[in-house]
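Below, in structure tokens: the form predicted on its own, a single chain.
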Amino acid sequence: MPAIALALCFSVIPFLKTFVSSFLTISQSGKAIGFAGLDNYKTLFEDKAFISSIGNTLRFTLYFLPLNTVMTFLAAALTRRRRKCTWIMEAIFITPLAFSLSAFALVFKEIFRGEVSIINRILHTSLLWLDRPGSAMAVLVILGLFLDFAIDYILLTAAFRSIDRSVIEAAEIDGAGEVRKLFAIETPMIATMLSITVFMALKDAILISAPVMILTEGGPFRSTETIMYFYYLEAFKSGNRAYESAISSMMVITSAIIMGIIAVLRRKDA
């Protein structure tokens, strides 16, 4: 009951109020001044900047999601057995948890900023990484990987190490090699946790805003302006309450649809 009460107070009721507000004309002070119907949504989808933010978010997700999944899976697979030097790799892999998001973003900004940036000195190049659309998105993806890597690695490593050792020993007796054990036996046994990390990464990709705010500010030429950064600009910079309510409602409904599809697919697998 306490959990339900908290959910109602801080999630359900605010969403319902926001959803209703998305059909109203609202002043910058937050006062409803009329009924707008679907005009807010229509105006939103006629905004080229919003359409561009959807494309940028999808592009970031397509780059980030598979890379994050593969990297964290391989790192967890390499350290799933405790050996003498495993703790060194573990310490390196979970280091990002020791830093705040803003600190990481600022460090990346300095590493990739200008022709005489640190990365250019290392690679002996003179690229303006944050001033070109393609390279700016690449840097944003790399930052996203660093920010998400540690927690996903911990979850997958814990899942690997929770596998019943007798199953592994039985496979070894049958002559299964390391690769066969990993992909044919262990990976199916951690499929649930693997799917959870994928869903968490998908959520982070769709809702990314703070790294954009610090690293690129949506530039250059709005090439890294994601949906949530667009929301930030309209809601907190421009004071466009109609856009704020419409975007919030769409994001919640979209997330609910995605979670519903995932739940159906998992039920079929079960």
Partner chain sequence: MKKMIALSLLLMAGMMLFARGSKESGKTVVEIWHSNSGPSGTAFDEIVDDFNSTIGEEKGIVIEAIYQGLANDVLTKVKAAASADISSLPDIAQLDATACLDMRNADYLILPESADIEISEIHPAAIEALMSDKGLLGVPFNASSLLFYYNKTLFDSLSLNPPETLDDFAAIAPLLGEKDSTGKVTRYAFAGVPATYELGAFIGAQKGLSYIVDEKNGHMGTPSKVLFEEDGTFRNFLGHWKALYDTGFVNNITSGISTEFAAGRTATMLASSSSLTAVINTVGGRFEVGTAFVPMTDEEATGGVNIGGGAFFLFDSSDAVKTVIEYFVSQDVQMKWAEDTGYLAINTALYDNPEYLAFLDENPAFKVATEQMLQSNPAVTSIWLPSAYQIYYSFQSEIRAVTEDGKDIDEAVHDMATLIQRAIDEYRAQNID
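Residue numbers count along the first chain shown, from 1. Not measured: the values here are computed from a predicted model.
Keep in mind that the form predicted together with its partner chain is missing from the display, and what follows is about it.
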Examine residue 128 and determine whether its closest non-hydrogen atom to its partner chain in the model of the complex is within 4.5 angstroms.
yes
Is there any non-hydrogen atom of residue 233 lying within 4.5 Å of its partner chain in the model of the complex?
yes
Contact with its partner chain in the model of the complex for residue 80, defined as at least one heavy atom pair within 4.5 Å: yes or no?
no
Indicate whether residue 179 is a 4.5 Å heavy atom neighbour of its partner chain in the model of the complex.
no
Can you tell me which bits of 83-121 touch its partner chain in the model of the complex, meaning any heavy atom within 4.5 Å?
113, 114, 115, 116
